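Heads up, the chain below is alone and in the form predicted alone; it's given as structure tokens.
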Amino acid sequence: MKDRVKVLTKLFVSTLYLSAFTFGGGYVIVTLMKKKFVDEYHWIEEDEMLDLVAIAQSAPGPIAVNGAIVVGYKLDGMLGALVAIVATIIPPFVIISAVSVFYDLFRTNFIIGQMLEGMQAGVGAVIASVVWEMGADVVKSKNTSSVLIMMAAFAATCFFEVNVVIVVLVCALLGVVRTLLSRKEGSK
């Protein structure tokens, strides 16, 4: 029981901290969650984290909250998911409430505007880092079909402007078909 409380407390503090100091959207927080929960705490394996990110990305709603839900659920079921959700939504709720109260001051303040522009550049670098790491993991797996799916998804979104939802659904369908085919071959 004591270990469970310790894990839930650590989960709460970690997701609260990540949510409070992560600017730039859900993909940034997912990267930091990977570093915290995979690399630092070793609570989740890297392959499993990629699966959890795929689930979080496919589900409706903000990816930061979805990521917290799947990580929390993986660690301690429904209670873990609830703890992670609460910790993830507190900082944006407080920040957005403060911004709404002081909106006119923020909108016209030169320093805050410049600070936000600088943060956008940093966020772009963090997202590029995530893409690089996740893409490298797919390539390192040396699974030809996974690499082809990744390249096709990239081309579809970047060059042909296919809606991301369609790309994710098609990739999920391809994953199911690939799994079913491999099971069918394995049973022969």
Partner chain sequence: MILLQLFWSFLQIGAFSFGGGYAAVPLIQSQIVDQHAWLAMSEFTDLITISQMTPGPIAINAATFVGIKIAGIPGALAATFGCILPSCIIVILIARLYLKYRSLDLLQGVLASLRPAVVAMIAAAGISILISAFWGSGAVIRLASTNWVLVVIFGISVFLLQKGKMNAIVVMVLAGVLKLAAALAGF
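Rigid core (definition): largest C-alpha set, two forms, superposition within 1.5 Å. Fair warning: this is a prediction, and the values are worked out from it, not measured in the lab. Positions refer to the first chain, counted from 1.
What comes next is about the form predicted together with its partner chain, which is not displayed.
Among heavy atoms of residue 87, none comes within 4.5 Å of its partner chain in the predicted complex. Contact check for residue 160: every heavy atom lies farther than 4.5 Å from its partner chain in the predicted complex. Its partner chain is not shown here, and in the predicted complex it never comes within 4.5 Å of any heavy atom of residue 10.
Shown alone here, residue 39 lies farther than 4.5 Å from its partner chain in the predicted complex, counting heavy atoms only.
If you take 111-146 and check each residue for a heavy atom within 4.5 Å of its partner chain in the predicted complex, you get 111, 114, 115, 116, 117, 118, 119, 120, 121, 122, 123, 124, 125, 126, 127, 128, 129, 131, 132, 133, 134, 135, 138, 146, in sequence order. After superposition on the rigid core, the Cα of residue 130 moves by 2 Å or more between the shown form and the other one.
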